[in-house]
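This document starts with one chain, in the form predicted on its own, laid out as structure tokens.
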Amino acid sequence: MIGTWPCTLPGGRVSEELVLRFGESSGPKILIIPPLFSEHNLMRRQLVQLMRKLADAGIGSVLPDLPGWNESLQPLETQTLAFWREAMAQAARANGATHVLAVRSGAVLTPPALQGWSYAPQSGAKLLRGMVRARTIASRETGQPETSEDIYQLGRTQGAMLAGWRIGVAMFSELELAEPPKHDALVEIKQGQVGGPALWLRAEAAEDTEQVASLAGIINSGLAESAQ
């Protein structure tokens, strides 16, 4: 269930990153791309529960870490969005993924070669706005207020600490322009189709079994239709 996959870094070095694997080794295999940064933490348990539900239906899935994520030994502040896109494509190939489920801001990392689903996709600019807003609120509470303009200028020139994450200059600038892909092979799932309040809006990580069942049902139905 827990393993590693070899990610080739710029310059040719290889970093062994963690990956969760559930379900069948043959047949459809879903690459799960979680949201980036804080929403990653909020949604991870829900996504693992989804992987278990898919496995019960005979559908395999993989949830890979990238350099700079979770227990990775690679520093976050040196990562770029362009490299993360390439690394996610590497992870898809290394783990035999046939389909993708990208969640929220994770959609900007969707490998173009995969068909699948984009769940409540979010642009990099909207992700940044939320993180910058959180920093302005925190700065007021500490008596050292910052404006959004101050933080954006800092991020573009020096990088910035946002919601506890050290975002480098390149990553910050790339996120401002990053958009989720839209094409016929990538079906958008809206929160209304899943039902209930969005878990990424909660203050702490949580799970919702009904939403898990809804997401698994959407994926299962889509796979069945494509197989006909």
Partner chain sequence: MSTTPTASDTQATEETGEGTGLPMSRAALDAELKSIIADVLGIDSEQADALDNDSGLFGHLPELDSMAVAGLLTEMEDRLDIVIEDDDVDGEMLETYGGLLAFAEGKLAEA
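Positions refer to the first chain, counted from 1. Worth saying up front: this structure is predicted, and the values here are computed from it rather than measured.
The protein also exists as the form predicted together with the partner chain; that form is not presented, and the subsequent description refers to it.
Contact with the partner chain in the predicted bound form, defined as any heavy atom within 4.5 Å, is confined among 93-101, 122-130, 109-117, 67-75 to 122-130. This chain is drawn without the partner chain; in the predicted bound form, the residue among L154, A134, A82, A89 with a heavy atom within 4.5 Å of it is A134. Just one of Q49, Q193, S38, S173 comes within 4.5 Å of the partner chain in the predicted bound form, counting any heavy atom, and that one is S38. Contact check for V169: every heavy atom lies farther than 4.5 Å from the partner chain in the predicted bound form. Using a 4.5 angstroms threshold between heavy atoms, L201 counts as touching the partner chain in the predicted bound form.
Interface membership of P197, defined by any non-hydrogen atom within 4.5 Å of the partner chain in the predicted bound form, is confirmed. The partner chain in the predicted bound form comes within 4.5 Å of no heavy atom belonging to Q144. Of all the residues from 160-184, the single one having a non-hydrogen atom no more than 4.5 Å from the partner chain in the predicted bound form is A163.
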